[in-house]
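Starting off, we have a lone chain in the form predicted on its own, written out as C-alpha cells.
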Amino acid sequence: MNKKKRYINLDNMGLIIIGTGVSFFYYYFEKTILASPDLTIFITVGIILLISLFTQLLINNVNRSQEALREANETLEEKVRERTAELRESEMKYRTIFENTGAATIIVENDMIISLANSEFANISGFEKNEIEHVKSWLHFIDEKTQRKIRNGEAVPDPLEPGQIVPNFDCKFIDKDSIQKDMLCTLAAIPGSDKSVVSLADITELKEAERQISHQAFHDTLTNLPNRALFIEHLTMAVKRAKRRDDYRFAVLYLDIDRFKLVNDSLGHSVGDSLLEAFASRIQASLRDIDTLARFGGDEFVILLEDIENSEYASGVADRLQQELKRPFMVEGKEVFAPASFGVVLNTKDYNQPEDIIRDSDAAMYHAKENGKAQYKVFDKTLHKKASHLLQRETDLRKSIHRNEFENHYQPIVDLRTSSLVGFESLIRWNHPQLGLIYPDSFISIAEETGLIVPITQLIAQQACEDLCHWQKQLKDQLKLTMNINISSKHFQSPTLLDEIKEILGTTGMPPEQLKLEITETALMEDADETIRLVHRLKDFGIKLVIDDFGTGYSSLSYLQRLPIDALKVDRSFVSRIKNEPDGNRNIVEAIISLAHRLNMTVVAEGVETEEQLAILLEMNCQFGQGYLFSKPLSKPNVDKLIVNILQVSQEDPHACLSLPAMLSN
C-alpha cells in the first residue's frame, strides 16, 4: 500500500518538472537560437513531439498508478470485509456464549445500570429485557444487606481495576414478585472499558441442602431435638455467661429412661422409637422456651435450665418432671410407662468446662438408678470421688488384661453323700499390683459395663482348663473332675462364644464333657429363641450347662423344659436360712430340688456351711454341694497339694474314703 502511494507522488512531480523545463527551453530557443522561421518550425515540431512523448510516458505512469491504487483499494476493501466478517462472527460467538452460559448474566455500566441482559437473567427476574436494559440498576435485584456491602466496598472493590475478577459472594436475588432466591455472584471488570460483567448462579437448592445438613449435624433425627454437639454449644455459652454475670445461674439435668431396653425387647423397636418421641414431647412441654432439651442418643436426654433464680428451682423442675413421667404413654395403642432417673448439677459456677458438667450429671443419674430408679440425685463431691474411683478402676482393669493380672481360685464341688471331690468352680481374683488381691464384687460390674468381661473370661477360662488338664493327668483314672466357669449374660449372647470355647479346649486338650458353663436365669431369658439355639449347639459339642443362682431371678418353667440343662444351683441365700426358716426356705429349696429331678437335672447347693444344712439337703436328695463346710476357695498351689494328698491316700489304700475335709487336713 505505501509503495503504490510513492508511485503516485512521483508521477505528479514528474509532470510538473517536465512542463516547467519544456517551457524554459522553448523560451530560450525562441529568443536566442532560432534565426529563421523554418528552423523555428522544425524545432517547434520537435519540441511538440518531445512533449507528446513525455506526456505519453506520464499518462502511462498515471495509468499504472491508478491501477495500483485500484488494486490497493480492492485489497483494502477485501480485508475490511474479512475483518468485518470476523468481528460479526466473534460478536455472534460471544453473544451466543453470553446468551447460553447457563447463568444469569448481565453487562453493567459504571453507574450500575444494566446495559445488556441475557434471557436467563430475564427469566429469573420476571421482567422483559426492554424493562431491564438501560432502565434498571443491577442493585435493584439484590437484597439490602448485599447492597450495603457493595456500596461500602466490602463485596466489590471500589474502584474496580480493569480485568479484575471479584471473588464469588453470596447474595439474595429479588425477582419481580419479591420472591428471594439464594445466588452465587461473580463480577469481573471488562478490559478496555468501564463496564463489568456479572454472573448469577441459582444456589437455592444447594443452600437448602446445606441448611438440612447443618440441621442434621446438630439435631437428633428421631426427636428433632438438639444433639450432643449443639447442646455443648449452648452449655458453653451458659458457662461463659455465668463467669461474666454474678446474677446468672443455670442447672443441668441428665435423664435416662428406666428399663427402656425391656420396652424394645418386648414391644419392638418401632414402639421404642415412638415412646422416645412421646417422652421428648412431654418433657419439652414442661420446660420454658429458654431451656434446652437435647437427646444424646438411645434413651439419654439432657436439660439445660438457663437463668434460674436459685437451685431450688431446678429441684422443683426435677420433681415436676418425675410426676409427669408417672403418667402412662399411649404408644401405638399400648399403654407404656416410662419412668426415668435424673442426675442434677446445681453448683455450675464451679465449672469451667461443659464436658465436666455433663460428666457429673451423668454420674449423679447412675447413682439415682443404683438407689432404686424413678428418682433424681443431686451431684456432690462424694459422687465425683466415686466416679473418679470407677474411672481409675476401669483404667487399671484395661491394663490388667494386657498384663494378665488375673488368677483363679477354685471352689471344690463335692458329692454330698461322701464329701468326695467331683470338680471345681473357677472363681476369679484380680491381683492388683498396688491394691493386692481384689474380689470379683469390686470389678465384675465395671467389666460388664465396659465389655471387658469378654477378654477377662477368655483369660480365666484358658487358665482354668489348663489347670484341670494338669491335675487330671496326675490323677489319671483315679478321679474324673469337672471345671465350672461362669459366663456373664453379655458374653453368653456373643455370637463367637462357641468358637472361643472350641479354641480354648483345642489348645489345652481338655475334653468338652469336663467343662461346665454356669449361666444365670436372667441371661437365659434375655433372648429365648437365640438362647435355645445356642444351648443346643453347646450341648451338641459335649459341653454341660448349669443354671447358677436358681430361684433369684425369673424363668418360665415351660421355657426350662425346652432347654437341655444339666444342673441347677440352689443359691446360698436359700441354703443359709434352710434351718432357721423351716416353713419358708426349706419348702422353696425342696421345690427346686424336686423340679430339677423331674427335669432330669442334678442339683448343686451353694454356701453349705453347717452339718445341719448338709443333713437337710441329703434328706431332700440333693446330690452335690459346695461351701465352707467342705472347703473355702483354694489357690492353685493349694489345689496342687490337694491332688498330691489324694494320690498318696489312693496309693496307700485304693478303697479309702476320699473325703475332701480329710484330704485337706493331711
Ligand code: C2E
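Every value quoted in this text rests on a predicted model; they were computed, and no experiment measured them. Numbering starts at 1 and runs along the sequence shown.
The form predicted together with the ligand exists for this protein as well; it is not shown, and the discussion that follows is about that form.
Selected contact from Arg429, Lys377, Arg586, Lys544, since only one has a non-hydrogen atom within 4.5 angstroms of the ligand in the predicted complex: Checked against the cut-off, the match is Arg429.
Listed residue that, although the ligand is not shown, lies within 4.5 Å of it in the predicted complex (heavy atoms), from Asp291, Asp548, Asp258, Asp467: It is Asp548.
Per-stretch contact check against the ligand in the predicted complex, the hit in 293 to 301, 369 to 377, 468 to 476, 435 to 443 (non-hydrogen atom, 4.5 angstroms): Single hit among the candidates: 435 to 443.
All of Gln411, Glu606 and Pro633 with a heavy atom within 4.5 Å of the ligand in the predicted complex: Each of the three qualifies.
4.5 Å heavy atom contact, Arg572 and the ligand in the predicted complex: Taking the distances in the predicted complex, the answer for Arg572 is yes, it comes within 4.5 Å of the ligand.
Distance check, Glu425 to the ligand in the predicted complex, heavy atom within 4.5 Å: Yes - in the predicted complex, heavy atoms of Glu425 and the ligand come within 4.5 Å of each other.
Contact label in the predicted complex: Thr146 to the ligand, heavy atom within 4.5 Å: Taking the distances in the predicted complex, the answer for Thr146 is no, it never comes within 4.5 Å of the ligand.
In the predicted complex, Val108 touching the ligand (heavy atom, 4.5 Å): No - in the predicted complex, heavy atoms of Val108 and the ligand never come within 4.5 Å of each other.
Interface residues of 468 to 497 toward the ligand, as seen in the predicted complex [heavy atoms, 4.5 Å]: Heavy-atom contacts within 4.5 Å come from Asn486, Ile487, Ser488.
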